[in-house]
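A lone chain, given as structure tokens: the form predicted alone.
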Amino acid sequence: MSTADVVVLGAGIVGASCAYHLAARGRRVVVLERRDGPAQGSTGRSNACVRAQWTDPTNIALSWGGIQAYRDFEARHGVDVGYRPFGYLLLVPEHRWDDHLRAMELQRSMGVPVSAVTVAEAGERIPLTPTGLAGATWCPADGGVDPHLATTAYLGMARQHGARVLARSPAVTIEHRGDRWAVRTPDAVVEATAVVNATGGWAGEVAGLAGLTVPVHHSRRMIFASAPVPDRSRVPMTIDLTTGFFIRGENGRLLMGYGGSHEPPVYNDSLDWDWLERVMLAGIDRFPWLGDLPMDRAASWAGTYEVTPDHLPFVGAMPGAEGWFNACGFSGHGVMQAPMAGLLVAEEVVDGRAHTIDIDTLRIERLCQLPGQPPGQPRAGAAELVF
């Protein structure tokens, strides 16, 4: 038996950020991770991209705050987490152009260096077929980070503030005893006044151990890599919003992918090479040269999203469960939003309510059933995603 102020469940990038921000606020923190080490689940298999191009102020603030945290990480903490501003280029179809111009103005009002570019200017960054496009939006600060470096950096700083990180320690049972939570692992029991559920796609199962309902499930996503193509490897992260196909350059290759709504809600990190045909069909009309692109099976991989019913995360206190806090369900955006998620969860735990950003649209209460509304459906007014 050991005691703490907060037990953080999960040592992915969100859990690591939560652990650091809580420990930095003076809380005694224990992190329990079911795997052999940190960032071995969705974090380590992510595309690890960060973007501030969203349509609602909450997600803009979360993601732009995350980008700035990664950008300034080395200056503030002395650790390089691999932030690379290779930029995001969103190719916008004609019927969505006005909406994206309005979103761009909102982003700019919040400090994001985004601009509109013509289809011809977009074509200078990546060769494309312009059919059906009204233009593109471009943010040079968007880019990527190294998820392993960022996760281990947060955990290292948490340890410097006294946090303990226990690997191979899955939660087996979780009980609420008076004003404390008891989390049992195969080797120990940790009691704490607060629990943070940062277990990604396993968040629903973990919450179930405590008798709580947190609707999060896994959804596989696959990244296909080309063989080395140095002449095109500097392509920014480019998303064709007509289809959802994306492509970007990295380390002399091109990485690409498309969709995942067909995936069953189970953990699966195996690569289905047959899915490449669907990926190519989604991208080849816009980028005809894909048909001649050599691919590399060994450099491709698969991971999972942690998905909620409305594809927005659950952040904040759990109603009816004193001391339980959610930080899960980021639906493919955990890496970009982890820095701010950790800060906000620490504010929820220590100050009683998050205040740096208003997170009411991210609280699990948004999925409460309303008269005439099917259970589990998002409430009207839930934030709209860019894609």
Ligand SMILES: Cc1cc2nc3c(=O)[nH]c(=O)nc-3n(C[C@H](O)[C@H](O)[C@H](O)COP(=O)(O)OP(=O)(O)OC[C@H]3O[C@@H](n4cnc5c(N)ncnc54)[C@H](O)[C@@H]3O)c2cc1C
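Predicted, not measured: the structure shown is a model, and the values here were computed from it. The numbering used is simple: start at 1 and walk along the sequence shown.
The discussion below concerns the form predicted in complex with the named molecule, not included here.
Undergrad: Specify the contacting stretch among 47-55, 355-363, 315-323, 342-350, defined as having any heavy atom within 4.5 Å of the named molecule in the predicted complex.
TA: Single hit among the candidates: 47-55.
Undergrad: Between the options Trp138, Trp202, Phe245, Trp181, which residue brings a heavy atom to within 4.5 Å of the named molecule in the predicted complex?
TA: Looking at the other structure, the residue within range turns out to be Trp202.
Undergrad: Identify which of Arg253, His176, Arg221, Arg71 has a heavy atom within 4.5 Å of the named molecule in the predicted complex; exactly one of them does.
TA: Checking each option against the named molecule in the predicted complex, the one that comes within 4.5 Å is Arg221.
Undergrad: Contact with the named molecule in the predicted complex for Leu32, defined as at least one heavy atom pair within 4.5 Å: yes or no?
TA: Yes, contact at 4.5 Å.
Undergrad: Residue-level contact is defined here as any heavy atom of the residue lying within 4.5 Å of the named molecule in the predicted complex; does Gly303 satisfy this criterion?
TA: Yes, Gly303 sits close enough to the named molecule in the predicted complex that at least one of its heavy atoms falls within 4.5 Å.
Undergrad: Is Ala198 part of the interface with the named molecule in the predicted complex - any heavy atom within 4.5 Å?
TA: Yes, Ala198 is a contact residue.
Undergrad: State yes or no: in the predicted complex, is some non-hydrogen atom of Gly65 no more than 4.5 angstroms from a non-hydrogen atom of the named molecule?
TA: Answer no; every heavy atom of Gly65 is more than 4.5 Å from the named molecule in the predicted complex.
Undergrad: Could you pull out the residues of 165-188 that have any heavy atom within 4.5 Å of the named molecule in the predicted complex?
TA: Ser169, Pro170, Ala171 sit within 4.5 Å of the partner.
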